[in-house]
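One chain follows as structure tokens, the form predicted alone.
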Amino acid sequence: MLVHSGHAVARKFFNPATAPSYDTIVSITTFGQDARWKREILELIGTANAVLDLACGTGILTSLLQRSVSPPRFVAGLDLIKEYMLQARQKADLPLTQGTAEVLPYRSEVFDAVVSSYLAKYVDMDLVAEECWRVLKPGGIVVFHDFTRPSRQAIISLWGCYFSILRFFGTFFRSWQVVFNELDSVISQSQWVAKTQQALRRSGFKDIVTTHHTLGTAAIVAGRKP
């Protein structure tokens, strides 16, 4: 398995101690916005029949993908962390694989859509874009969603206060203390939006669209394979 510093950060943040409480933490700390962002992903892929969820984690998006259309579409999930996939298996009976998004264990041109939530800041986007291109059918869509550092000064100040509060709460929720202490730095340094746009273009994707959400604290980048 390909290993680099992004994987090390992901393994530090997401581990056996954080897996059981992940769903609750992500809902509370995003003030419910996580559900809204995931609905945006669902709208982008429409009725795509075969979907791969990269960094599926505890299966929040994966299970939504399966039950959002009738009859249920085929959904596969991949994640780096075994304990998170064990949580996902409690939500839906789906094919889940442990691995990295940079080396996908799937045949070429088998998916209509590839999606991810909170993956982009931890990976080599050039490798991920190339793999997404390979496994997507012609006409397939790829969607990346993750946190972003806001650009407006007033919002940056609020964003900083928010993470100060999270660091305080980290003293009580010890399993999440490292995440609350370091996540803002990881987000600020990642530049994942620009890197994703560039990587998708280099891989051949067209119709690349970027939208910013919730006062610039999250973004979605999507592209289509001609």
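Model, not experiment: these values are computed from the prediction. The numbering used is simple: start at 1 and walk along the sequence shown.
This protein has a second form, the form predicted in complex with a small molecule, left out of what is shown; the following refers to that one.
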The small molecule isn't shown here, but in the model of the complex which of 119, 141, 135, 88 has a heavy atom within 4.5 Å of it? 119
Partner contact for residue 123 in the model of the complex: the small molecule, 4.5 angstroms, heavy atom: yes
At the 4.5 Å heavy atom threshold, is residue 56 in contact with the small molecule in the model of the complex? yes
Can you tell me if residue 100 lies within 4.5 angstroms of the small molecule in the model of the complex, counting non-hydrogen atoms only? yes
is_contact(residue 205, the small molecule) in the model of the complex, heavy atom dist at most 4.5 Å: no
